[in-house]
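Let's start with one chain on its own, the form predicted on its own, as structure tokens.
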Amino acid sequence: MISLPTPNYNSKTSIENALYKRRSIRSYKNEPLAIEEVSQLLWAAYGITRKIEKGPAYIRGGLRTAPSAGALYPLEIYLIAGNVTSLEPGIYKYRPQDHKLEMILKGDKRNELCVAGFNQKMIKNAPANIVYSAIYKRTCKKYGIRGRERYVCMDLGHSAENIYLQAVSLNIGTCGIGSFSDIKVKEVLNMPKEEEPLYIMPIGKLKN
């Protein structure tokens, strides 16, 4: 387990300015990302904002930066690191409860992820990628098929937009990718059977 730097709760970028500047960016500088930047993006995606230590088990640590139907939090988030300072290349799983990364696999897997993403080059060229998966049963146990068809998708949209807006304040680009082989992405990330991949978001410094 790798402890991430404490996220910053204030920046010089207003919400309005981030909304105004938000774009999908597919080309990045050939520079590493700082672990502090990765930490900030992961926190924005699904970080704990209010700890609830004695709450129901399904909350798993507390309330988060993104809303979730029934506070069931079905999403899981991975970091595929290739060129991040102070972080060995590999596949990591984000643990929001204590803001840590758990290494899943060692080695730079960006090329394999790119192949799984139908050779979309921004996946391979970005210093890192954030990958979302869902454990649908967390939501469907309460909401049935509506959880799969609607609520989990809504949860993903809330969280992914947070990454887009946080990226603006960090001068980082990202792009949401939904076109990939589910089976191959699961294989590359060594996802548990219960998880289904949803989204790939390459992240890298903006080209001026």
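On a predicted model such as this, the values are computed, not experimentally measured, just so you know. When you see a residue number, it is the position in the sequence shown, counting from 1.
Just so it is clear, the following notes concern the form predicted together with a small molecule, a form of the same protein that is not shown.
Of the residues given (G144, G55, G178, G70), G178 alone sits with a heavy atom within 4.5 Å of the small molecule in the model of the complex. Checking N190, S11, N17, S24 against the small molecule in the model of the complex, a heavy atom within 4.5 Å turns up for just one residue: S24. In the model of the complex, the small molecule sits within 4.5 Å of a heavy atom belonging to M122. Stretch 168-176 is the answer when you ask which of 135-143, 36-44, 168-176, 61-69 has residues with heavy atoms within 4.5 Å of the small molecule in the model of the complex.
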